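Presented below, as structure tokens, is a lone chain in the form predicted on its own.
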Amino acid sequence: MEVIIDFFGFNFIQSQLPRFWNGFQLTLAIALVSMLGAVVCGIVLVGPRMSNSSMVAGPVIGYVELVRNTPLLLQIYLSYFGLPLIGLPLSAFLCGVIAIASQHGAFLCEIYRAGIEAVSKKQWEGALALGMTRKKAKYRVILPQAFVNVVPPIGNQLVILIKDTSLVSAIGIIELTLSGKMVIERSGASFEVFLFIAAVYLFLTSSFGAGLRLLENRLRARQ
């Protein structure tokens, strides 16, 4: 048993927990703020995205396609080095959050759109036949059904977001991954450190996914 413990470097990892704890807290903060930003960004974009006016929908479609089809790391660099050039010298934390939230917000916009369009047109017709206005039908009939449909893909996207927080290490944010790299530079224990970091990310994403599955089951039980 002691040989197995030494192989996985438990004793070494335990001695470095204060360093990892600081990085973990920053990773968690970036993930939570970015999630909130992405969810709000997707909600703001989906209305214009579904507009019948090409003048309104066109720029949003262009933005969504541009952001979804370029690397997040590149967007982080552009945010960090580009925003100061236009008079917005933000912190590395905010630059990382803006880049992550912007890209994942674009993905969530498409998820919201697909969920709304998946609701049968008969639901619209039934609500209007009962005397509801289109606005009331949208908020009382269509969106609640759409929300239940999009919980699983939203969960998948936010799990990816959690993993993507590791990319902000490229602009010097000492989150969990960069904390691990700094420990490796001092100790050379790359196997143990990266295995531990992988386990932490697995814990975060699994816990978040389990919570979303519980929410999904409860929402479907109420239907």
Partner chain sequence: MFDVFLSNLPYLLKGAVQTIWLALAGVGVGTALGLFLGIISAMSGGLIAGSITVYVFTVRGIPVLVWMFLSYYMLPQLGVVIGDSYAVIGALILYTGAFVTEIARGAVLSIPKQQIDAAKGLGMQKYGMLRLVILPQAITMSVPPLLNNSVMMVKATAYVSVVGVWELTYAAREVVERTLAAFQIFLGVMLIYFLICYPLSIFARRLERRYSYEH
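Numbering follows the first chain given and starts at 1. The structure presented is a predicted model; accordingly, all values stated were derived computationally and were not measured.
Beyond what is shown, the protein has a form predicted in complex with the partner chain; the following relates to that form.
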If you check in the model of the complex, is residue 93 within 4.5 Å of the partner chain, heavy atoms only? no
In the model of the complex, residue 46 touching the partner chain (heavy atom, 4.5 Å): no
Using heavy atoms and a 4.5 Å limit, would one call residue 66 a contact residue for the partner chain in the model of the complex? yes
Would you check, heavy atoms only and a 4.5 Å threshold, whether residue 70 touches the partner chain in the model of the complex? yes
Answer with one of 57, 29, 174, 184: the residue that has a non-hydrogen atom within 4.5 Å of the partner chain in the model of the complex. 184
For the stretch 20 to 52, I need every residue with any heavy atom inside 4.5 Å of the partner chain in the model of the complex, listed N to C. none
